[in-house]
Every structure is written in structure tokens, then in C-alpha cells.
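Only one chain comes next, encoded as C-alpha cells, the form predicted alone.
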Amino acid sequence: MNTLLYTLDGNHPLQQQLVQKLSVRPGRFDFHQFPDGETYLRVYDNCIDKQAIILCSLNQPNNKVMPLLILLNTLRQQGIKRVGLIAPYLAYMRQDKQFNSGEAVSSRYFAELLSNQFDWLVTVDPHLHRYHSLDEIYQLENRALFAAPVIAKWIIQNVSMPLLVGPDNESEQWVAKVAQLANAPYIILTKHRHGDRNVEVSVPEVQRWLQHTPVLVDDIISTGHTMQATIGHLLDKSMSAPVCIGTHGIFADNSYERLMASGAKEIVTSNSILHFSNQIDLSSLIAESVSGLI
């Protein structure tokens, strides 16, 4: 086997599935932080004439980027000629415009950093709002995969009479695709964000959907404030407890616990970020794309 797969984010269940589907070998390395916060790393594999893949979802990116770069450069020093990055969750995509003078458009800076280091990138459901594709800011071979088919499959298998609920107008195209694949109706909320943790939502008329199970779908569950507000509105309108689905479960500020306490029936995420809510498997989707790059 000429390809080694290293996992830097602790998502060993996903690594094991990718090892099997791609017929690659798991990479062996030691990695820890010194008390002063600096990183120690040692690679144990013979890397000559091989290529490498690093699996690392980039939630909490400020804690992961330096170890990621150290691993990458150690592999190159050891003789690896080609290194690709599987980042199921790709950070720094939401800062895509300078709204006020002096603001950092950090999506572009982060894209330049990764583009200068890696040979290719595979990610899932990147937050493409003002960018039409990753090619607008990433200068390396890339694949932006969409989780809609596997999310729809999970809904079909697990939810009776689903009504999909999208968080805002930006999500409508994505939610409509999931709804189409799941053969389910959908509605879209109106959202007004007043800050990182202050979100106001309004729910359209839902009387005709009272027999359905609401399924709140979003690409990212971060603070969960939008979903939490939506749950309250839906319950006030006598709808059943909703299922919450996110491609990427970041769950900042104890948002998983708060969503469950607010009345969610269930919270489901993909295995892009390791969490006990993982029920939607991305390994086949990722493996199919990566197989064309190695």
C-alpha cells in the first residue's frame, strides 16, 4: 500500500471506515502538547515513495492548525511527495466579506494558508454563502461534497411524515434538495441575527402540517440558538417535538444539552465531527471522491 492515512482529530471510527473503503494503511505517529502549549510530533512510518492523507475536521481550528502543519511538514521531510487533506468540516468559511473597515476576511487568508501547504482538499457542505465554489478562494485541487443524499436517506429510514424546516432563506436551495430526495414537504424560516448569540426567527403558518414531524436541518449546529428559538415556536403552534439534523455538530456553549432541554425529540449529526449524536455516515461519500485523487 502506497498511501498512508493519518488522523489528527481523534475521529478513529471514520478513519477505520476510510482505511477499508480506500485500501490504505493507517499512519503511525505520536503527538502531544507540552505544558507550555507547544506540539511534539513523531512519525514512525517509512514514507519514501508514498503519499499521505491527513483526516482532520477543522472545528476549533486555532487549536488544530499548528499540529496539522507540523504533521504535514514532518511527512514531507520524511519523503512523502503528495499530501491531501480530508477536512469534513472546513473552518473560516463564514467570514467571507468585509462589512466594516478593518475587518479581516479570514476565509481568504485561511484558504491561502491551506492552498500553499496541501496538494488537494476534500470537504463536506462548506458554508458557501457569497462564494459560488471553493475555487474562488482555494488554489488547489478540491472537492466540495454535499451530504443531502445521505441526510435524506436517514430521514426516510427514521422519520414518519417529515416536514423539513430550513433556518433561513440562504438555506432554501439546500433544504429543498434534501426535501426532494426525501420526498417530503418543507418550509423556510425568516431569521434576523442580532449577534453571535442573539437570533430572532419567525415561523410561517404550519396548521396544515400538524400531523407531520418537524425536521430542522442545517449545515452547522454551532451555538444552536436558531434551532432553539425554532423549537419554541413550533411547540407553541402545537406541533410535535422536532428532530434536529446538522451535517456538522460543533455544539458550542453546551448547545446539545440546551437543544434537548428546549424540547427537541432527537439531535442527529453526521460523523464529520466525532460526537455521540453521529448517525449519518459520510465515509462512502468521502471515499468515492478521494479514490479519484490518490
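These numbers come from a predicted model, not from an experiment. Numbering starts at 1 and runs along the sequence shown.
FYI, the form predicted together with a further copy of the same chain isn't displayed, but the following is about it.
Proximity of Ser106 to a further copy of the same chain in the predicted complex falls within the 4.5 Å heavy atom cutoff. By the criterion of a heavy atom within 4.5 Å, His212 is excluded from the residues contacting a further copy of the same chain in the predicted complex. Residue contact with a further copy of the same chain in the predicted complex: Val268 places no heavy atom within 4.5 Å of it.
In the predicted complex, Arg143 stays away from a further copy of the same chain, with no heavy atom inside 4.5 Å. Contact annotation: of the candidates Val243, Val43, Ile54, Leu234, the single residue with a non-hydrogen atom within 4.5 angstroms of a further copy of the same chain in the predicted complex is Val43.
Of the listed positions (Lys177, Arg82, Arg94, Lys153), a single one reaches within 4.5 angstroms of a further copy of the same chain by any non-hydrogen atom in the predicted complex, namely Arg94.
The three marked residues, Pro67, Thr74 and Ile250, each reach a further copy of the same chain in the predicted complex, with a heavy atom inside 4.5 Å.
Partner contacts here mean any heavy atom within 4.5 Å of a further copy of the same chain in the predicted complex, and among 178-186, 108-116, 164-172, 135-143 they occur only in 108-116.
Heavy atoms closer than or equal to 4.5 Å to a further copy of the same chain in the predicted complex belong, across 34-50, to the residues Phe34, Pro35, Asp36, Gly37, Glu38, Thr39, Tyr40, Leu41, Arg42, Val43, ordered by sequence position.
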